[in-house]
Ligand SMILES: Cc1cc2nc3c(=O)[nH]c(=O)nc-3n(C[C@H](O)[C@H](O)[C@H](O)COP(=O)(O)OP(=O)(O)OC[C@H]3O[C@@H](n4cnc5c(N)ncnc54)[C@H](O)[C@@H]3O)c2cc1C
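One chain comes next, on its own, written as structure tokens: the form predicted on its own.
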Amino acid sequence: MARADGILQGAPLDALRQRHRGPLLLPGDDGYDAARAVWNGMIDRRPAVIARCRGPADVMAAVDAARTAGLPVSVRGGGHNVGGKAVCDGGVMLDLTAMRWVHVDPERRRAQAGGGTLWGDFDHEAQAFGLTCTGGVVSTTGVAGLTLGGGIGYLTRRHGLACDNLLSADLVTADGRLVHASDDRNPELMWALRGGGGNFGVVTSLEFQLHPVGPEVAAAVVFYPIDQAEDVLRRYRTYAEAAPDAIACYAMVVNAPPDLPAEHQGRPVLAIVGCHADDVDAGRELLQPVAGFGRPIAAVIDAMPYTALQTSFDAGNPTGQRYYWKSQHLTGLPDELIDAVCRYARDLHGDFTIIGIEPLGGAQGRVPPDATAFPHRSVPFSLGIWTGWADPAADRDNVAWTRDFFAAVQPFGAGAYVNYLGDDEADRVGEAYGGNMARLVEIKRRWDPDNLFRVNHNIAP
């Protein structure tokens, strides 16, 4: 018997216990509920077993057990996916949080990271040598998950997506083998890993190309009253469209942080957050215009440690709250879109909600759309409606607000970003991969013909 009442039993469980060095947690065990909890507090799933893997051998054992028992597999790296894809119901959850390590080779400007590494870990190690590559703007995001889906961050315009900096990866495939993928070994698999998500195996380590960045960068943080939003966003559009590659300038509607004056508390504000990835003094000058888009509430343009910039959104994305997202790439920021964004911004729902306009283009836009699995290379911006709140009683209202907002801006969309897709957006996976979808399906058929790895934004074989 493989499974009864959601519990892994019999020979598959016995075989897993013999081969697996890390803890195995079953429903009812101490630590089980804590291990299945992820960043999004709306996710409440119960795996048949949680395999807390200590290395690739444990991953191989867990994959073999799941395949033998006919159970689905989910993989937890950082556990930050809004759809909660790290956790499955009645399957085998592979918890890689013990595989959290970074090795930097400063002479070759390369870094290797374990499958459970977070971007805060990565930046801490790489910045000791004044190096890094594009990573997530929330430091508790997992390196593997973000990279496998593409990977947008402050350095995207200067150094490409995270997946553009991925040199190689080790992964356990559906048949339980540990496989190395690079441009020289298994190149088709490597192509798929650069943006194709977790569809092809369990990535146990990744190797990245690093670039000189920091340890300080020029940064701008400017807050504007929400009643100036239309004018500020039009000036932001002009600035962002002409900015050099070294500048990433975000526009974000947030609830007023506590250090702003009292008259703005309890109201949304528009934040312009900019970063210059090269010379700090030149960056200060190039970022000065963002304080002149209107009459700011507060403005700081100065040098900042890159590691501090990378953690600046952490407090606004606390673990365990309730999150529901919608997003899309944009071909531009027409006035009609700006007006729609501002209309919903004035009625911002949720204490942790962010409406974000992310700058793309630059280096990531010069990669051909079929060079990696990530196809959306020509879009200049991405729009995120990242709704977050604490009270379960507000679920229906906040989800409805997010969906209404998305419906209002959807006519301006130009594709989906797989890392931002929610649990109810399986119908948008094709939109995320566009013209690369057929090639991804063929690779999936070769490496995972039975779709063992399906607890993800799935590419069905």
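Residue indices: 1-based, along the sequence shown. Being a predicted model, the structure only gives us computed values, none of them experimental.
Another form, the form predicted together with the ligand, is not on view; read the next lines as being about it.
With the partner omitted here, the stretch from 292 to 300, 363 to 371, 334 to 342, 137 to 145 that lies within 4.5 Å of the ligand by heavy atoms in the predicted bound form is 137 to 145. Between the options Lys326, His276, His159, Arg76, the residue in contact with the ligand in the predicted bound form by a heavy atom within 4.5 angstroms is Arg76. In summary, among the residues His211, Arg377, Arg322, Lys85, the only one with a non-hydrogen atom within 4.5 Å of the ligand in the predicted bound form is Lys85. Across the proposed site, Val222, Pro268 and Trp389 without exception lack any heavy atom within 4.5 Å of the ligand in the predicted bound form.
The ligand is not shown here, and in the predicted bound form it never comes within 4.5 Å of any heavy atom of Ala240. Contact annotation for Gly201: at least one heavy atom lies within 4.5 Å of the ligand in the predicted bound form. Among residues of the shown chain, Phe412 is not one whose heavy atoms approach the ligand to within 4.5 Å in the predicted bound form.
Within 4.5 Å of some heavy atom of the ligand in the predicted bound form lies at least one heavy atom of Leu96. In this stretch, 46 to 68, not one residue has a heavy atom within 4.5 Å of the ligand in the predicted bound form; the partner itself is omitted from this view.
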